[in-house]
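Okay, so here's just one chain, in structure tokens, the form predicted on its own.
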């Protein structure tokens, strides 16, 4: 069992999300950066979609009441074990009574803590992912006591550190496909989408990222249609909204672009003031 002593800014339990329930209006949810979340799990020998703690900008303080192993991937939030720095992307043995904490954000925006066997919290619709209205808790709270699953197999500690793709955290290029309403844009609007450097506004969270720059919009409204994580909507005021993992399942704004899965993961590590360029695949 692992006790939450401090929660951090926004810490949740996430796995690969809820699939097959979108007809009922249930969002997918799941780890914002699936690349980093799976990295932490695989290094421990877990299934890559085992439930992990997702931390945004700041991390929690955790007291371990069991002997186990952990691995942290994604953003560097200066993780420590008993006030001694620990490396990212490297399994670490933890003993009962140990404290894992986090400090200053060095790079990225979201970090993932995997535990051997994966977290065993409330499971709804085949997923541990927290989402308000679906699970009883939408985020971790102080004094939560988190259970863990038994490991899939015996784990042998390895001392090598896996090299992650630096580009995942540094690139400004976001790869996209044309959305269903892309062809309704004028040639000038289409060219502007790929020539503009867009800035991430302060309106960014697990549901969506809104961009500062406007495109201009003279399109007719569309009939409410399906949307997905990664759908780029054009609002009547000309703002672009990129839907993320907790997005709604339908929308009435024109869907001008669709992010690749890898691009969603890259965008999840960016925050207010960051700039991006759309690259058409």
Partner chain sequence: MTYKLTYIPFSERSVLIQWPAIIDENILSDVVLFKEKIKNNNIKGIVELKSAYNSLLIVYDDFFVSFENTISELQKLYSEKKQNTKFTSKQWEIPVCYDDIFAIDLDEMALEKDLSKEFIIELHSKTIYTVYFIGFLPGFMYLGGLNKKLHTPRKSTPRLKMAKGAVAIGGEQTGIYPSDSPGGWNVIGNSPIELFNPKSNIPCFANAGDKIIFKRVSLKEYNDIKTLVDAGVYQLESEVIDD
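Quantities reported herein were computed from a predicted structural model and do not represent experimental measurements. Numbering follows the first chain given and starts at 1.
What follows is about the form predicted together with the partner chain, which we do not show.
**Prompt:** Is residue 235 a contact residue for the partner chain in the predicted complex, using a 4.5 Å heavy atom cut-off?
**Reply:** Residue 235 lies outside the contact set for the partner chain.
**Request:** Decide whether residue 227 counts as a contact residue for the partner chain in the predicted complex under a heavy atom distance cut-off of 4.5 Å.
**Result:** Yes.
**Item:** 4.5 Å heavy atom contact, residue 214 and the partner chain in the predicted complex
**Value:** Answer no; every heavy atom of residue 214 is more than 4.5 Å from the partner chain in the predicted complex.
**Message:** Using a 4.5 angstroms cut-off on non-hydrogen atoms, would residue 12 count as touching the partner chain in the predicted complex?
**Reply:** Residue 12: no, not in contact with the partner chain in the predicted complex.
**Message:** Using a 4.5 Å heavy atom cut-off, which of 173-181, 76-84, 106-114, 93-101 contacts the partner chain in the predicted complex?
**Reply:** Correct option: 173-181.
**Request:** Quick one: name the residues from 24-39 with any non-hydrogen atom within 4.5 angstroms of the partner chain in the predicted complex.
**Result:** Counting only heavy atoms within 4.5 Å of the partner chain in the predicted complex, the contacting residues of 24-39 are 24, 25, 26, 27, 28.
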